[in-house]
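Take a look at this single chain, the form predicted alone, given in structure tokens.
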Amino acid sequence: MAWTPAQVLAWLDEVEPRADGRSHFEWLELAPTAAPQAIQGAYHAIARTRHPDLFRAALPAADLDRLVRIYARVSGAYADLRTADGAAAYLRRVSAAAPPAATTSSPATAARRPAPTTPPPATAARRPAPTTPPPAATPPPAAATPPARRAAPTTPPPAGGAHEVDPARAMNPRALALYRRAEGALRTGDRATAILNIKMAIAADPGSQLLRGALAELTRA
């Protein structure tokens, strides 16, 4: 069943406040034990109801940009979880990043612990101060002057034109797939779809200067 613009906006209002804290499974509205078939079905269900292409004419530009950014999170989650190996690797990363659980001991175990052998703070405080003055602090070495950075090009190439930069090296694979869709849309003359895909690619790889340059070229009056 298709979603209305009001439903999409309500969904955005719900998920945006903690977008950075949501797990891949939460983006797909699944439990962490979901099988690959369930992951695929969940992603396609979201695509049928919330894909930005469905609301290109129904939402204001600002809200469409919000949807592009959030839907890119959904696409990224699916890209990592779409296979059993990918899901297992993601769960390992999450498990390795989680802080270790605090261990507690019973009162009986605590009672059997030997008394500390170090003197209490009061005893340590009565120790005479050292008579030899500490050595003068050695000034830290001067920081090395960083090498001069190569200036970035001021006019990145457009999405559909000839250029010297290899797109596969200028963005991550997820953004590259959207970039290729934008190129295909341009070849058919569909500039609006090309712009939408470039925006989604930027949401997937915000640091790509090639993508930002392509968007500037496409939106130039």
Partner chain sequence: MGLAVGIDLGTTNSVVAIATPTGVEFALGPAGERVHPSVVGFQPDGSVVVGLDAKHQRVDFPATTIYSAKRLIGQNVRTPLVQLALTGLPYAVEEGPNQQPLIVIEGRRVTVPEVSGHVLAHLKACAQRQLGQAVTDAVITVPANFTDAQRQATKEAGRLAGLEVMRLLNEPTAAALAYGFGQHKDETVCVFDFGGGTFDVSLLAIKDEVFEVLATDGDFFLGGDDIDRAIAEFLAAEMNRQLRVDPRPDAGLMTRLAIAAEEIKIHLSEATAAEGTVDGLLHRGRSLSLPFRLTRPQLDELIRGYVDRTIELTRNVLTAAHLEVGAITEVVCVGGSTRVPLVRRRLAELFGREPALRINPDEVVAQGAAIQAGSLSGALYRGGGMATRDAVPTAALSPLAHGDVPWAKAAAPARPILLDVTPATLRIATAGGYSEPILDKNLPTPIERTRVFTTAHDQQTRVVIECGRGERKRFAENEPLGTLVLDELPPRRRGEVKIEVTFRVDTDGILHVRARDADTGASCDADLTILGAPTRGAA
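Positions refer to the first chain, counted from 1. If you're wondering where the values come from, they're calculated on a predicted model, not measured in any experiment.
Although not depicted, the form predicted together with its partner chain is the subject of the following passage.
Residues placing heavy atoms within 4.5 Å of its partner chain in the model of the complex fall in a single listed stretch, namely 64-72, out of 64-72, 179-187, 166-174, 28-36. Contact annotation: S95 falls outside 4.5 Å of its partner chain in the model of the complex, judged by heavy atom distances. Remark: A47 counts among the residues lining its partner chain in the model of the complex, judged by a heavy atom distance of 4.5 Å or less.
Mapping the unseen interface onto this chain, T193 falls outside it, with no heavy atom inside 4.5 Å of its partner chain in the model of the complex. In the model of the complex, its partner chain lies farther than 4.5 Å from every heavy atom of L59. For a residue to qualify, one of its non-hydrogen atoms must sit within 4.5 Å of its partner chain in the model of the complex; all three of H51, L54 and A79 qualify. Residues Q40, Y43, H44 are the ones in 25-46 with at least one heavy atom within 4.5 Å of its partner chain in the model of the complex, listed in sequence order.
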